[in-house]
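We begin with a single chain expressed as structure tokens, specifically the form predicted alone.
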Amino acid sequence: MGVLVVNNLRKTFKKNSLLGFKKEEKKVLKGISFEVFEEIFGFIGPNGAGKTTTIKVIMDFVKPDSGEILIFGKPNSDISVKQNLGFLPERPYIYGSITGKEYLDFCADVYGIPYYERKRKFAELLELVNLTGVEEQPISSYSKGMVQRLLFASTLINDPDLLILDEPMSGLDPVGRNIIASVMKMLKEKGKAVFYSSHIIQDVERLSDRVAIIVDGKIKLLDSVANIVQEFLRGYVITVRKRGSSSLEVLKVGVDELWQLLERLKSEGYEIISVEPDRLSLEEILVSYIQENRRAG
């Protein structure tokens, strides 16, 4: 069984119609299921697909209409599982007048972390996210990326075995994204599970072990990145150079024709410089599902 199990989750929201006479229903989650193991699990989809609602239901902030969520084998409503969770919401609120250290102290109070452990723990966390030396400064003086890294560090304060992160790369420049990505990889190496949503598809593709694509409240694709790469392989791009020439030529070939073409090129005196897969990117795959859903609608 996975660290996190989501089984046949359904959620409908009701709101007043424009005239206010009756309630309108919007089905946000339509029977989604997946498991997260000791891995980095990416959860992607367009705006309004149900990503944040899924996370709110997992965290027991919103009750589902039906379905089951287990965390460490227990219902997600069990208070005991919260002690072993790290959570980063999409739009957290944080007082700018307090310092970074004061915010970490507040988080440590929530988990009952003894005072004698805090100096060492805070130093380790601040170093992880490259914020050493600014912890005594007010958060209002931080850049958006610094605030996001502080918030990410706070999710680790209780050394959780499962992290639930809603858009953890939000507001980060490439350096900040690499910092967070490196910490996520380190956590996986320690046997932790990381479940996160993101709109930065390139990061998801390079970072995740497995990915789920959600569109219109339904899981459209759930697989390892390696399998997705293979499944959506269109062919190969071959760069060659005629022996004795300084100019390069680029050729495209189908999957089934690769080896035959390589043999022919070698026999004709070409030097093979590189062979690269020609495949749909994860972003292109996501866009194709979105377009398919719009046509069906």
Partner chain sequence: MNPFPVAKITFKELLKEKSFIGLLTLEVFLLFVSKLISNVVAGDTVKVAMDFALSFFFFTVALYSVFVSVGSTFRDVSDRVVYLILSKPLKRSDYVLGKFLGCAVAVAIFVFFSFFIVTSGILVISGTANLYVPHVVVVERVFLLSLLVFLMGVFLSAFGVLFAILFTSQVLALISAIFLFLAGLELSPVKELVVSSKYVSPVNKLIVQIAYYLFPNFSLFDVKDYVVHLAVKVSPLFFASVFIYSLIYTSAVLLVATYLFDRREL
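Positions refer to the first chain, counted from 1. Predicted model, so just to flag it, every value in this text is computed and none were measured.
Keep in mind that the form predicted in complex with the partner chain is missing from the display, and what follows is about it.
*Just one of Leu70, Val229, Met59, Leu265 has a heavy atom within 4.5 angstroms of the partner chain in the model of the complex, so which one?*
The residue from Leu70, Val229, Met59, Leu265 that makes the contact is Met59.
*Contact residue in the model of the complex, from Arg120, Lys74, Lys190, Arg91 (heavy atom within 4.5 Å of the partner chain)*: Contact residue from the list: Arg91.
*asked:* Please tell me whether the candidate spot formed by Phe34, Tyr142 and Ala181 is one where all three residues come within 4.5 Å of the partner chain in the model of the complex (heavy atoms).
replied: Verified in the model of the complex; spot residues all out of contact, no.
*Heavy atoms within 4.5 Å of the partner chain in the model of the complex: which of the stretches 220-228, 83-91, 170-178, 199-207 has them?*
Of the stretches listed, the one contacting the partner is 83-91.
*At the 4.5 Å heavy atom threshold, is Tyr289 in contact with the partner chain in the model of the complex?*
Residue-level check for Tyr289: no, no contact with the partner chain.
*With the partner left out of view, is Asp109 within 4.5 angstroms of the partner chain in the model of the complex by any non-hydrogen atom?*
Flag for Asp109 set to yes.
*asked:* Using a 4.5 angstroms cut-off on non-hydrogen atoms, would Leu151 count as touching the partner chain in the model of the complex?
replied: Yes, Leu151 lies within 4.5 Å of the partner chain in the model of the complex.
*asked:* Check Ser97 for me: does it contact the partner chain in the model of the complex (non-hydrogen atoms, 4.5 angstroms)?
replied: Result yes; Ser97 sits at the interface with the partner chain in the model of the complex.
*What residues in 202-238 sit within 4.5 Å of the partner chain in the model of the complex, counting heavy atoms only?*
Read in sequence order, no residue approaches the partner chain (within 4.5 Å, in the model of the complex).
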